[in-house]
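A single chain, nothing else alongside it, follows as structure tokens in the form predicted on its own.
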């Protein structure tokens, strides 16, 4: 079984749309995982049924029992995160500001503060319109620990892939180089970085490959909208050669790509002939031949 993670240095490179196209080409032979939990949108193209839903808890949050509170103000005076304030003469916790450190609960003389598990998001396991399984999640607004939720999504995808004997796990990772990205790529068989020929796209791509090199993971690159700036494409290619990274696809800009998304489909499902469709099919052949 191969675990393939598609990531990008920045948002807007076409990473998710390309991953969804691979999900179509893989069909029933793959489990799909959307690890971009901060801004999950794979469901917009795969039409999941949200058959299974599970609350995700991570960290702690303070809760004040108003019946026990003696309004001494000690909790407010020690909170370094400005998470406790007085509203309508009651000491109240601001859940977004609360870091769950528990100091307020320790110093409360009336034992009026309890540290409860913090509900930070939801995990879903769905059947898609492609008749394959999508493991996806959403992080609550302002919630932290997205890396832990990413890890949960990956573990569930791996479990399902093993139980159903699938050959592939195709993961839509998160953009950037932060904790969720590290959680997306750690231990994966292969990382594919989607970039675009823009100044920011090239800059952020270089940072991603620096991260991948630190983890000593196998990787390759896809340049999307490769015909919009040939000068930067040349710079990207020079960088890839210097770092011994294979360029597996140069996808041209094509309005069929946009039309397909508007119709709720991937570009490989569009009846119109276009170079990008053929390139993605070759891309999928490359994935199938990894480590053969």
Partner chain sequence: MKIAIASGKGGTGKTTLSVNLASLLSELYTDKNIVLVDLDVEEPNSALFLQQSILKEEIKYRNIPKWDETNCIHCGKCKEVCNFNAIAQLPKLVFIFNELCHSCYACSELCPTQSLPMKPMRMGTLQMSVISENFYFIEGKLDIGQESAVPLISQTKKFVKDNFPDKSIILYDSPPGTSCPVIEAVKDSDFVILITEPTPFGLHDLKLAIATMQAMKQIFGVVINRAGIGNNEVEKYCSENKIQILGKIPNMREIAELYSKGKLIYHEISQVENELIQIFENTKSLLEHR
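Positions refer to the first chain, counted from 1. Only a predicted model underlies this, so the values are computations on that prediction, with no experimental measurement involved.
One more form of this protein exists, namely the form predicted together with its partner chain; it is left out here, but the text below deals with it.
Asks: Heavy atom within 4.5 Å of its partner chain in the predicted complex: which of 249, 245, 64, 40?
Replies: It is 40.
Asks: Name the residue from 167, 114, 210, 117 that puts a heavy atom within 4.5 Å of its partner chain in the predicted complex.
Replies: If I apply the 4.5 Å criterion carefully, the residue I get is 210.
Asks: Within 4.5 angstroms, counting heavy atoms, which one of the listed stretches 249 to 257, 236 to 244, 24 to 32, 66 to 74 is next to its partner chain in the predicted complex?
Replies: Answer to the contact question: 249 to 257.
Asks: Just to confirm, residue 187 within 4.5 Å of its partner chain in the predicted complex by heavy atoms?
Replies: Heavy-atom contact with its partner chain at 4.5 Å: absent for residue 187.
Asks: Within a 4.5 Å heavy atom cut-off, is residue 51 in contact with its partner chain in the predicted complex?
Replies: Contact check for residue 51: no, nothing within 4.5 Å of its partner chain in the predicted complex.
Asks: Is there a heavy atom of residue 92 lying 4.5 Å or less from a heavy atom of its partner chain in the predicted complex?
Replies: Flag for residue 92 set to no.
Asks: Decide whether residue 159 counts as a contact residue for its partner chain in the predicted complex under a heavy atom distance cut-off of 4.5 Å.
Replies: Because no heavy atom of residue 159 falls inside 4.5 Å of its partner chain in the predicted complex, the answer is no.
Asks: So which residues in 138 to 165, when you check its partner chain in the predicted complex, have a heavy atom no farther than 4.5 Å from it?
Replies: 139, 141, 142, 143, 144, 145 sit within 4.5 Å of the partner.
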